[in-house]
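Only one chain comes next, encoded as structure tokens, the form predicted on its own.
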Amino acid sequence: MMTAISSPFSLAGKRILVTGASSGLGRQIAISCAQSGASLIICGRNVERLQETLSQLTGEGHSVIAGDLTDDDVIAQTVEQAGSIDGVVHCTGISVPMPARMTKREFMERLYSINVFTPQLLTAQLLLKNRINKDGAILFLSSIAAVRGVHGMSVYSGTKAALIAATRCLALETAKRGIRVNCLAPDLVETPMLHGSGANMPTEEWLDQQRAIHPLGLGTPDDVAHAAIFFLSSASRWITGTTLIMDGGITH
């Protein structure tokens, strides 16, 4: 009788914390992790949208923590409620185009607070309280804008580049505890946000041009979620301090 071999890509038995899980990439990462066997703790500010995400999670043992993670008290409460986890995926973040000549302090402080301070302070508290189990994983969500110039995105690019730099340093600090730290840097992904309305949103004509110049086209939320599963699973046991560029081949 043959013995079943468990997949190194499985998340069965793991507890994963996902921030920014109320929409977009955070929601899809949570859904895909649940499909891979994990129990999810999903975080976000919008309770109703978090409940929508929760309703799409397969399996059992999932929970919701609602709150604004730019608040230190909410970070502390989240760490306390999460308990022991095997991985965290930092999906909380905003992307707002702004020409450099128009940049104001308030705008910069808002982007850095959400995109840099929040994930790093949450990580700090998780480590301080020993919430991340041995052989666990920390995964930041950066952007291709951190490694390739993007018009009108100098402030945003700086926030995402900060996460890449932090990843390399954190990987050294956590290695002795067997905790891996990595980063994803996706390019344009076909999320509902990309097709929203507003003065700063791309036109369909521009998106068609982008699809044409990316050798493999634009990404999907599933593409990013599958990469996240790899970095959360034991399949990436020997990988830490790295950033995976996901851009359909446009960066050479």
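Throughout, we count residues from 1 along the sequence that is shown. The structure presented is a predicted model; accordingly, all values stated were derived computationally and were not measured.
The discussion below concerns the form predicted in complex with a small molecule, not included here.
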Contacting member of 171, 121, 161, 114, with respect to the small molecule in the predicted complex [4.5 Å, heavy atom]
114
Among 35, 63, 70, 210, which has any heavy atom within 4.5 Å of the small molecule in the predicted complex?
70
Looking at 89-97, 126-134, 171-179, 76-84, which lies within 4.5 angstroms of the small molecule in the predicted complex, counting heavy atoms?
89-97
Even though the small molecule is not shown here, does residue 227 get within 4.5 Å of it in the predicted complex, heavy atoms only?
no
Is there any non-hydrogen atom of residue 241 lying within 4.5 Å of the small molecule in the predicted complex?
no
4.5 angstroms heavy atom contact with the small molecule in the predicted complex for residue 141
yes
Wondering, does residue 45 line up within 4.5 Å of the small molecule in the predicted complex on heavy atoms?
yes
